[in-house]
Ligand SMILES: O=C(O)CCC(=O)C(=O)O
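Before any questions on binding or motion, here is one chain by itself as structure tokens, the form predicted alone.
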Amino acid sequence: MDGAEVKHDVSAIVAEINERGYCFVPSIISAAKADEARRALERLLAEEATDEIRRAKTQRVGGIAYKHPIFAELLAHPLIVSIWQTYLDDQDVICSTWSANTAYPGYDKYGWHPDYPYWWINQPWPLKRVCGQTIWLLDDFSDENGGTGFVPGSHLEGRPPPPEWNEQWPADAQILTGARGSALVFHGALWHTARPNRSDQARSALLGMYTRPFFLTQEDMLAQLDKVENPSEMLRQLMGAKRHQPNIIGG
């Protein structure tokens, strides 16, 4: 795997997620590999763009695991999988959702939130580890181009952020900045938001949520697996091929 020469301490990464709710992991893949993924995404963005998307200045691309081999590769990246296997204390982790998100120049909406499934969990939220999110940087993230905003320690609040935050920037919030090929891994309950893109270039990321196999996934990943060419055993696991499927007893 490109970038494997960069060594990372999984235990230290997990410890940071526990304490702060997140950890920035630099140089998981090389800049050249990130550029390859971005070029693959740019083709999909062009193919799937609509007038509504152009007006909104933001675009989500789903089903990326089967739309290009590099996205299937990154979904099953050994370091990322190891982080979530360790964090969730479960070797059989699965992927809940896997997509790409692009903010075009002029995007200016805030939307503070935790991630699925916390939208549906009664408050106060349990402290037990339910899921973890991964943001892959396909471009260099900066304050100018809309690096993700987040609030350290908010994963321990047990509730969503205040609604009025969608119109403001809290004093203790931070901005994700870093080089392409890196990733931010964080607790699913961490409060975070996209930020305005004030640059003259699009800013793209991949978003992958990992969870335990007995939780309901956000997307139907198993349906997408049929479209992936020659999936590895790890990719099959992550996309739900090995999880229990309900049946009818005695019928």
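Values in this document were obtained by computation on a predicted structure and should not be read as measured data. Throughout, we count residues from 1 along the sequence that is shown.
Here the subject shifts to the form predicted in complex with the named molecule, a form of this protein not shown in this document.
- Relative to the named molecule in the model of the complex, residues Asn101, Arg203 and Leu207 are all within 4.5 Å by at least one heavy atom.
- Although the partner is absent here, Ala189 is not a contact residue: none of its heavy atoms lies within 4.5 angstroms of the named molecule in the model of the complex.
- Under a 4.5 angstroms non-hydrogen atom cutoff, the named molecule in the model of the complex has Thr148 among its neighbouring residues.
- By the criterion of a heavy atom within 4.5 Å, Asp115 is counted among the residues contacting the named molecule in the model of the complex.
- For Arg60, a non-hydrogen atom is located within 4.5 Å of the named molecule in the model of the complex, even though that partner is not displayed.
- Listed stretches are 66-74, 38-46, 219-227, 189-197; the contact stretch with the named molecule in the model of the complex is 189-197, by a heavy atom cutoff of 4.5 Å.
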